[in-house]
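The form predicted alone is given below as one chain in structure tokens.
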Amino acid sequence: MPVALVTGSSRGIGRAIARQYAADGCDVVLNYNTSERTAEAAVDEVEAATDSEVVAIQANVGDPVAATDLVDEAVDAFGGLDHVVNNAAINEHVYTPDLSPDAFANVLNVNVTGAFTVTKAALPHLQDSAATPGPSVVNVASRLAFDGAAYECHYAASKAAVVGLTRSHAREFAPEIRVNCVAPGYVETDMTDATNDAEDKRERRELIPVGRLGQPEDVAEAAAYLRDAGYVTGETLQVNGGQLMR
């Protein structure tokens, strides 16, 4: 079976991607940073719903040593690596005058440098992959990479960098490895539920042409498409219900 590593996958979008990849026949390495209990629950959920084997590995991808060790442990667990999803990210709402350089750098470190480091460490293993239609990297950006965001300039900047990283790696690793990106709009997860009440969600819904808020499964389906799309590389697939059309 092909092997997939999904960073930041103990909950939310990452968990849905891990579940989708497992349902599609991949053995999956879940990655988490802080909550072992949440990660164990995710492993149980995915294994109960699929025939795939799933393991969870703790690592803060913002630490280059930990990110590299994560890839090594993933390869040790299954004997190889065929697909990578760089989903791990952090964010906080901060007005620019109150945003410290260290806080700005920390978001870019996890969201951009983490994706770079994991992909770099995975590269020799992906080059050895016999997956059909070939090994893949799928990075997770955001609609805010294109729209910008008040009070989230560091997050928007990091996700714009992820788009640039995707295009650069797609050119650099072709033709052996396809590298694509998915850019979600507003998606209902436990984190967005904690910061948006019913009125916030109603207002957001009114801005979306398809008439509903996104679900983690919407992003997971897009990531799975990019994993298998043999003639697509360097692309960013918008998953936002039509709120941003490019």
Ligand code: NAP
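Don't overthink the numbering: it's just position in the shown sequence, from 1. All values derive from a computational prediction rather than experimental measurement.
Heads up, the form predicted together with the ligand isn't pictured, but that's what we're talking about next.
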property	result
Cys153, Ala77, Ala160, Ile90 - the one with a heavy atom within 4.5 Å of the ligand in the predicted complex	Ile90
Interface residue in the predicted complex among Leu165, Val110, Ala121, Leu81, criterion: non-hydrogen atom within 4.5 angstroms of the ligand	Val110
Heavy atom distance at most 4.5 Å to the ligand in the predicted complex, all of Thr34, Ser142 and Asp190	yes
Contact stretch among 205-213, 173-181, 58-66, 45-53 - heavy atom within 4.5 Å of the ligand in the predicted complex	58-66
Interface membership of Gly234, the ligand in the predicted complex, 4.5 Å heavy atom rule	no
4.5 Å heavy atom contact, Ile13 and the ligand in the predicted complex	yes
Members of 207-242 lying within 4.5 angstroms of the ligand, judged by heavy atom, in the predicted complex	none
